[in-house]
Ligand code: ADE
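Below, in structure tokens: the form predicted alone, a single chain.
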Amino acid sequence: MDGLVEKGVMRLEWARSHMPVLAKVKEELKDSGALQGMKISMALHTEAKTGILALTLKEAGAKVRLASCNPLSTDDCVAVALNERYGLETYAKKGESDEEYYQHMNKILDLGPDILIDDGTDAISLVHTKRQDVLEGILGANEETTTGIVRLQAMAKEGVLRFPVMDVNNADMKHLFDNRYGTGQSTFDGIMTSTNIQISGKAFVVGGYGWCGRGIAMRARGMGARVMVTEIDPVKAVEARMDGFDVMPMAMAAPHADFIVTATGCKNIVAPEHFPLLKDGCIMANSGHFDNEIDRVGLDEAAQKRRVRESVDEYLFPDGKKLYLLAEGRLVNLAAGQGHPVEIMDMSFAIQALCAKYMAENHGSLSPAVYKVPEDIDEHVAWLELDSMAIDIDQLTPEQEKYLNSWQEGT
């Protein structure tokens, strides 16, 4: 156990030393006192960067409990270290059963939270269904994933959402970097760690061309793959083609694919009708939040499964064809890799922390709905990031400001 704790401490302190933006935000939170005494329940991927966010909120005066938002995304040494060395109540382990997953989720809700910080909206969903006993005390929440925001917008549309939620996912300083550069890099961390297979020269299919898909496609091309993109949105499909990628339906891409990676936030992107089309040896992975983008149940029913390498399951079909699924179809970047780069999460978690402060200070004027992150929070984090990178940029002169705010001057 001591070895596990020390390993977790090293990972946490390494992350902390590369998160200067969040360090500055922590001082702002402490100075404001906005989170002093607040009870914050967090359902996030329990690894080093998330641990530093949780410790930041704790050091700013909040009472914090942390659970994982995915059964396979916990770094056990970090979870143990948070409990044993830092005194932060953490309920998470890698490979949780469904029963354990919801036991841990209920543990963080037993805190009686003022604020929820969620990833995927399982915690928010739970307090609207089986844990309504804690609803009245919740001032508001943050949600940081595309999948979670889709769920929340459906709740708001149906009129069942009971408190305000900040859409952290669509903050510019989150999705432009976290979703694109973070997912792009960390997806390949998971793929390479689990397979040790070459990317260069392979046919690589990306399911979805949102910000995550953009990042994955960009990295795949940079590593020498021939990249094909599948989409349902005509605008994103045009963008993918203009970015230089082949665009086609999954049924057309499947016969060529050496790799398929999904990142859509929707289910059954690779479905049973695609299995006969896939060639022998195709490797499939998912970087979307839930494990339903690749139909794992359909695979289990159609083929014989065996574990052939850590995080790699082989599916043997009656005709002798073999397909491979990474990380049980869960987030490959966290289930088989170390997640997003530290510096990327420094920006995302600075947004999270400042949105928790905003919710604590403004919840009384917010009705139950999904809210955009205020532009001043986005801009503040951008300035902090530039400062951490020692980058200066130009400022508008008074004459330029006047020009941009007038209409008289023209040709």
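For every residue, the number given is its place in the sequence shown, counted from 1. Please read all numbers here as calculations on a predicted model, not as lab measurements.
The protein also exists as the form predicted together with adenine; that form is not presented, and the subsequent description refers to it.
Checklist entry - According to a 4.5 angstroms non-hydrogen atom cut-off, is residue 293 in contact with adenine in the predicted complex? => result Contact check for residue 293: no, nothing within 4.5 Å of adenine in the predicted complex.
Check your understanding: With the partner left out of view, is residue 35 within 4.5 angstroms of adenine in the predicted complex by any non-hydrogen atom?
Key -> Residue-level check for residue 35: no, no contact with adenine.
Discussion item. Check residue 346 for me: does it contact adenine in the predicted complex (non-hydrogen atoms, 4.5 angstroms)?
Written reply: Although adenine is absent here, residue 346 would stay clear of it in the predicted complex, with no heavy atoms inside 4.5 Å.
Item to complete: Decide whether residue 113 counts as a contact residue for adenine in the predicted complex under a heavy atom distance cut-off of 4.5 Å.
Response: Heavy-atom contact with adenine at 4.5 Å: absent for residue 113.
Of the residues 167, 119, 231, 96, which one places a heavy atom within 4.5 Å of adenine in the predicted complex? Of the candidates 167, 119, 231, 96, 119 is the one lying within 4.5 Å of adenine in the predicted complex.
Check: Looking at 339, 140, 329, 207, which has any heavy atom no more than 4.5 Å from adenine in the predicted complex?
Finding: So the residue touching adenine in the predicted complex, by this definition, is 339.
Considering adenine in the predicted complex, find the one stretch among 378-386, 40-48, 362-370, 56-64 with heavy atoms no farther than 4.5 Å from it. Careful reading of the contacts points to 40-48.
**Message:** At 4.5 Å, heavy atom to heavy atom, what parts of 316-338 sit next to adenine in the predicted complex? List them in sequence order, or say none.
**Reply:** In sequence order, 333, 334 come within 4.5 Å of the partner.
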